[in-house]
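Consider the single chain below, provided in structure tokens and representing the form predicted alone.
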Amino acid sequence: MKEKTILGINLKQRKIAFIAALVMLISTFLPFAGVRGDTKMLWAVAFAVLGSGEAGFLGSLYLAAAICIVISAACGAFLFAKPSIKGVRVWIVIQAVETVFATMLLFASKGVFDRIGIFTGKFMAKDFGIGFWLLLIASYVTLHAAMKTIKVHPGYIVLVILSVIWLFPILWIILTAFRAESGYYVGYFFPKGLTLDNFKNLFTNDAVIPFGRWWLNTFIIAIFTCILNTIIILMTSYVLSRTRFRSRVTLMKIMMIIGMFPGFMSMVAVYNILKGIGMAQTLVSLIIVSAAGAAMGYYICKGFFDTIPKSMDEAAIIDGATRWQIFTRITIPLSKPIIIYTILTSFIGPWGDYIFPSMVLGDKQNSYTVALGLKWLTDFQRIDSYYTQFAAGSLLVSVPIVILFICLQRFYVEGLSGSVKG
């Protein structure tokens, strides 16, 4: 049965949204949270926050959520009497903000309660009452129905939820990096205090953690690996793309099959070889081993070279150019996207590698990379003391990669699209 629509507004969905908004308003008068029989409504918490000068920014979430609930319910009632497409759009924005606030209460309540002296040290997520869970569910139902009222696809809600889930651990690490309280586990999401000491302690001269040395080791390995791997991959890809020789196809198939096997399958054998020639526990060994297998990553770069017309090579050969001149003066200038892509992947790989350095470097702490050093900080003997510094180190490690990727993202995408065309 087709749902009735007037002036572009679905009446059934409008009714559902209005009822859900009323349920959302009613939930504020039900038990919001309680510990051992001591229960409080959302309004009681909001007024407690208002009367306390110590709740801070997080405490304002309660006031903002309560205000948005009232406004949203009022909008629902008004639009129920006088429907308007513009009005529904405004309602959707208000309800979206309220839904975000209601969701944030799930993570902020513990810290707010501790600050204003409600349920101090006793409150856990399981102590939320029926009022909170009803509010959270009704918020999403109201938003969903309001969006369907004017045929805005509700899939955006799913995308937002997935984005929040994806960003949650990243936000957790960022907040932990600036957290003033030490310790691995805390029962709240937002820190009670913020500080830069976690970053300073990584680079002080008397620091127990030689993070600066780890970072420098990783940078040296990543730079040299990036240069060698890029040169090897470009030259191998060009040869396989532009020249024809006996068993060429067989060689490409063998290299592709070998590349499908994970590298850690040969780690023990490689380590024994390095140990036999006296190169174990050195940074040079990591660079050499990475460069030795670089040629097997030829296939994406070769696919890009295949898109460059061979007629250009033939014209250059007629004019007397050598293969090296064609490669350096024609192919390379036309291959900027794939070169950037190769540089990025060659740099990111060793920058975040943990498995192989842990095998080669062993217990030689001065030669650790950042991945290996940060893992060392999370051992059960040290994690409680150094967890906030681990988070600060993780943030420092990720920032250069993020900046580099953002700056070169256009070339990265062009490189991939060019290889697909081949």
Partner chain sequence: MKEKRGNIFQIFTRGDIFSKLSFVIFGCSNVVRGQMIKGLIYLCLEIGYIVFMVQSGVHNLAEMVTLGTQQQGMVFNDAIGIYEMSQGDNSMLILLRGVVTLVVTMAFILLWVSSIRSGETARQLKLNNKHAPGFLDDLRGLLNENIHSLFLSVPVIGIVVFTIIPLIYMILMAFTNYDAEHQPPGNLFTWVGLTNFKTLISSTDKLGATFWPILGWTLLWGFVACFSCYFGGMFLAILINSKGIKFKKVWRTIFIMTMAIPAFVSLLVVSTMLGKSGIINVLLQQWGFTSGPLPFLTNGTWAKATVIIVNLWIGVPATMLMVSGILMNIPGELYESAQIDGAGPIVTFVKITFPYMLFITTPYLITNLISNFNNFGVIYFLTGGAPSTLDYYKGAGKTDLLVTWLYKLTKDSKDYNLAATIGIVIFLISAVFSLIMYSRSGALKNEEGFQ
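Numbering follows the first chain given and starts at 1. Just so it is clear, the model here is predicted, and its values are computed rather than measured.
What follows is about the form predicted in complex with its partner chain, which we do not show.
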Problem set entry | Triplet 159, 165 and 168 all within 4.5 Å of its partner chain in the predicted bound form via a heavy atom | yes
Exercise. Counting only non-hydrogen atoms and a 4.5 angstroms cut-off, does residue 155 reach its partner chain in the predicted bound form?
Worked result: yes
Problem set entry | Non-hydrogen atom contact residue 351 with its partner chain in the predicted bound form at 4.5 angstroms | yes
Exercise. Can you check whether residue 392 is within 4.5 Å of its partner chain in the predicted bound form, heavy atom basis?
Worked result: no
For this session: Using the partner position in the predicted bound form, report whether residue 272 sits within 4.5 Å of its partner chain, counting heavy atoms only.
Result: yes
Exercise. With the partner removed from view, which of 27-35, 64-72, 43-51, 377-385 is the stretch that lies within 4.5 Å of its partner chain in the predicted bound form, judged by heavy atom distances?
Worked result: 377-385
For this session: Work out which of 334, 77, 235, 93 lies within 4.5 Å of its partner chain in the predicted bound form, going by heavy atoms.
Result: 235
Exercise. Among 312, 180, 175, 251, which has any heavy atom within 4.5 Å of its partner chain in the predicted bound form?
Worked result: 251
Exercise. In sequence order, which positions of 358-379 have a non-hydrogen atom within 4.5 Å of its partner chain in the predicted bound form?
Worked result: 358, 359, 370, 371, 374, 375, 378
